[in-house]
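We begin with a single chain expressed as structure tokens, specifically the form predicted on its own.
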Amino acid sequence: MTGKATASAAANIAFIKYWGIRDEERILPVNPSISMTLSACQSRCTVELLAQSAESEVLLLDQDGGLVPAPERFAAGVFAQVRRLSERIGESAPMRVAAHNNFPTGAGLASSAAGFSALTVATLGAFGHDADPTELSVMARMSGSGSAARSVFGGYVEWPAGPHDSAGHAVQLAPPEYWALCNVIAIVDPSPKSVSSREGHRAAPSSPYYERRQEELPGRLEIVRKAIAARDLELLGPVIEKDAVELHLVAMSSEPPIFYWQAGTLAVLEAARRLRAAGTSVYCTIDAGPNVHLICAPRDENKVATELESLEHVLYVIRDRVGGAPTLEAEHLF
């Protein structure tokens, strides 16, 4: 069997986070989440099917543009997802897989969501298997990255599609062209975080604030849905800031406590408050990591980026915005 495909998929930023898993084997969250798929933070993956006598391998693109063997743990995650996909579509073959992220990996920027979405689409493409977005969402989630269920859709996405969705697929609330929001990302530490999101999900129920957050989430989810439908940043912003802070409150008060924030995180939050006090509509959200996403309208992107670049603790800024679904590419990594 021969076949080769390359896919690109973007990270996403969650407006309302999921933090806690009710079914770890099936990767089903305790609560729904809503996110915005991005456009600049991209993962790219090439999958080539090999002869049955060949040995599978996973490669990464290094800084010099060459391909090098992936670390064992990374390769194990790729092989595990490929096995799940093969079982689901009833086809298997040895394969060569190459991957590359154009943004920091493992730093709380949803690199696993982008990476596993790209891997899923490229693997199916190599086998010549078609799948609609709903099926892709389920298959990407099987990787263990729940956020990958959202990255197979563009625009604004909710996962799971309903509170009792046992299938675990996401649904698009609005396409990317519906609301042109920007996401200016302040990178204060690009290195992989020391505590994985999966460990955080497991520890979350031990926090005394966990149940209280769960009680608040239905109302927050409804406000975010209304804000997206109305394209109302002033309605959206305070809710996403509150939810982000409370997620980290849960993490910090879990047993054992998990501290993702750094000095730079606090400096960026303070900068956002200064910008708002001066009349700029900008709001922060933070996934499981130290880096901060500032959501704003396109007219304010330059002002927000300039302010962040002036901060001592900000290493650099990524200018991103709402983007589309994964795509198959003509140019391969090898």
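On a predicted model such as this, the values are computed, not experimentally measured, just so you know. The first residue of the shown sequence is 1; numbering continues from there.
The next section is about a form of this same protein that is not shown, the form predicted in complex with another copy of the chain.
Contact annotation for G162: none of its heavy atoms lies within 4.5 Å of another copy of the chain in the predicted complex. Proximity of R274 to another copy of the chain in the predicted complex: non-hydrogen atoms within 4.5 Å are absent; the residue sits far from the partner. Contact annotation for K242: at least one heavy atom lies within 4.5 Å of another copy of the chain in the predicted complex. Remark: R321 does not count among the residues lining another copy of the chain in the predicted complex, judged by a heavy atom distance of 4.5 Å or less. The three residues R213, E216 and E255 all sit with a heavy atom within 4.5 Å of another copy of the chain in the predicted complex.
In short, of 152-160, 260-268, 72-80, 138-146 it is 260-268 that has heavy atoms within 4.5 Å of another copy of the chain in the predicted complex. Only one of L235, V171, C182, L249 comes within 4.5 Å of another copy of the chain in the predicted complex through a heavy atom, and that residue is L249.
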